[in-house]
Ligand SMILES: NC(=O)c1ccc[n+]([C@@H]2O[C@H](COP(=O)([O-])OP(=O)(O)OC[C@H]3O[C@@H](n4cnc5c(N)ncnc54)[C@H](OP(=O)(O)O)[C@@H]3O)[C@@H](O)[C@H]2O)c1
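To begin, one chain is listed below as structure tokens, in the form predicted alone.
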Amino acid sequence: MARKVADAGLPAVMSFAGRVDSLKPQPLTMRVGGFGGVAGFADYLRSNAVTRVIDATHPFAAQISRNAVEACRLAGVPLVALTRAPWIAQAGDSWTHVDSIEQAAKTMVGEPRRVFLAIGRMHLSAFLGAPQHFYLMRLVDEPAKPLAFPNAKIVIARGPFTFDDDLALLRTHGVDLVVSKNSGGDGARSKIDAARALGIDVLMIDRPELPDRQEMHDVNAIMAWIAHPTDLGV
């Protein structure tokens, strides 16, 4: 999306929450950090004469998306969400669905398992209440302080990952359960495909509910929308 906007010569700012230590270079002006809630976001839109907002955040960054909808409503700026279609279970998948990370953590009772905890670093502590398991965690950055898991392995790597990458990862560490957010799209699905190929169970965390908003899955469609927005983001 950023490349398409830049190639079109459109003035744009790409905003990041600042959850990782090192960001990939982008072809647009970059800003890092929050706006100060809905009011701050709306003020930013007004003071910078923003005329379009594309919400391309992770589908589990729910608060950012909620704030964007409300801020755009207050500022009268059209909004569209660039979203990934969610993953759908296929033949051979063994999924258990849960509504939240907290619910996923509550299911982690019983005998020790070897778990690939593929949820990012922000919510790892939710699983400290089930210390009997081995946890494999793949993170973009080294943790700022040691994690309090008695039996864990941290792999530092930045995706996207291939099917062969994740097949080897799950085999090497003897994983028998994958805990994953339903992020959707292609960039993070290799672990789901690898789990299917190996007959590994998946604890699938469903997406949070978000306010009604216009959504598109296609970058070219959004480029057309930029020229002719069809609503004010609700």
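All residue numbers are counted from 1 along the displayed sequence. Predicted, not measured: the structure shown is a model, and the values here were computed from it.
Same protein, other form: the form predicted together with the named molecule, not shown, and the subject of what follows.
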Using a 4.5 Å heavy atom cut-off, are Leu82, Ala221 and Trp225 all in contact with the named molecule in the predicted bound form?
no
Ala62, Ala168, Leu28, Ala197: which sits within 4.5 Å of the named molecule in the predicted bound form by any heavy atom?
Ala62
Of these, His58, His173, Arg207, Arg46, which has a heavy atom no more than 4.5 Å from the named molecule in the predicted bound form?
His58
Check whether His217 has any heavy atom within 4.5 Å of a heavy atom of the named molecule in the predicted bound form, and answer yes or no.
no
Using the partner position in the predicted bound form, report whether Leu10 sits within 4.5 Å of the named molecule, counting heavy atoms only.
no
Touches the named molecule in the predicted bound form: Gly185 (any heavy atom, 4.5 Å)
no
Answer for Lys181 alone: is it within 4.5 Å of the named molecule in the predicted bound form, judged on heavy atom distances?
yes
Within 12 to 40, the residues having any heavy atom within 4.5 Å of the named molecule in the predicted bound form are Ser15, Phe16, Ala17, Arg19, Arg31, Gly33, Gly34, Phe35, Gly36, Gly37
